[in-house]
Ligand code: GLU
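Just the one chain here, laid out as C-alpha cells, in the form predicted alone.
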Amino acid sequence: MLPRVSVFSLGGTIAMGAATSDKGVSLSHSAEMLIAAVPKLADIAEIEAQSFRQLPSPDITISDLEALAREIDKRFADGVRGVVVTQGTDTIEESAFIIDRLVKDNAPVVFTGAMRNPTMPGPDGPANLYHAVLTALEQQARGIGTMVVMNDEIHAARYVQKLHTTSPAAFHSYPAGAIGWIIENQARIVTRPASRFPIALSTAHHGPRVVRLAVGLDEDGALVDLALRAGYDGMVIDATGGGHVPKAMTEALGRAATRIPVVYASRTRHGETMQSTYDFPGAETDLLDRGLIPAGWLGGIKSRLLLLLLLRNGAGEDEIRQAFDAWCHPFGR
C-alpha cells in the first residue's frame, strides 16, 4: 500500500491558465488538475487533493493559514505521511514560516509553487510538485518542520527568501543555505535546523495589526506617529545596516515603544542586528535605550509575522522579547 500524502492548493502561478483577455493568466487549476498533470505521482503516493483556497498569494491571510494549520493537524492525526501546499511564490516564504510556527506534528509540511505558469514553455510547476511530494515522503524530513521545495532545492521555512522576481532559481536561504536537494528521484536532507519554535493557534476572530516601515535617507517620524494614530498594535522597523535610523525618527520611535512593541530588524535581510557597537542618536544602543526590541538575524518580513502571531496569542512585551531572543539565539548567548 502506498503512503498517503495530502496536497492543499491555495492558488498562485502554479494554478493559473490562459485568460480570456490579453492581460495575462488567471487562476483556473484545481488541486485535482495539478495532480493530474503529474502522472508519476501515482507511482509513489496515494494523493488526497483539496483546493483549500483559490487566491493570488498576496491575498492569503493569517486567518486562512490558521485554518490550514488546523486542517493539516487533522490530516496528520488521520495518518497521512506528509503534506504538500501549493501557492503563489510571492508570499510563499511568509506562508511557510507561519505554518512552521503553527503545525504541532513533526511530520513534513512542504510548500511549493511555480515561477513559470503552465502556458509558458518549460513550466516548472509539475517538477516542483513532484519533488515536494518526494520530500514529504522522506523520513529524514521528519522533525524539521515546514520546508519550501523549488528548483530541485529543499529550504527550511525559517531561512528561505525569494530574491528574484522571475528566475526559477529565485529562492535562497540565509544564514544556513538550502538544507537539501532532489537527485535521482530522492530527497536528500543534509542539514537540520536547530530547535523548533511552535506557537499555539489563536482563537481570535479579529487579530491585531502590525505595521512594517522601511527606513532610508532623510526619513522622519511622521509615519511612525501616523501608525500609532491608526491603531496598529505592533511595529517592525526595517532599519539600515545593523539597526540604525535617522536621528529625526528617534523621538517618534521612543513614543511608539512606550505604547506598543516595536522591533528593529535590518533592511539588508542578511546579518544580525547589533546591540552594542555604535553609540549615536539613532544607533542600535539608542534604540535599545528607547525600548525597541532587536530582531537578531530574522529579517523584517518574518519579524512582522512572528510579532503578529505572538500578539494574536496575547503575549506581553516581556514574552515577546524572550521569544525574539530565543528564536535568534536557540543555544543561548
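The structure presented is a predicted model; accordingly, all values stated were derived computationally and were not measured. One-based numbering along the sequence shown.
Note that the form predicted together with this ligand isn't included here; everything after this is about it.
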* Per-stretch contact check against this ligand in the predicted complex, the hit in 248-256, 234-242, 173-181, 85-93 (non-hydrogen atom, 4.5 angstroms) -> 85-93
* To do: Quick one: from Pro281, Gly271, Gly291, Pro56, grab the residue that has a heavy atom within 4.5 Å of this ligand in the predicted complex.
  => Pro56
* Asked: Hey, in the predicted complex, does Lys162 get a heavy atom within 4.5 angstroms of this ligand?
  -> yes
* Asked: Is there a heavy atom of Ala114 lying 4.5 Å or less from a heavy atom of this ligand in the predicted complex?
  -> yes
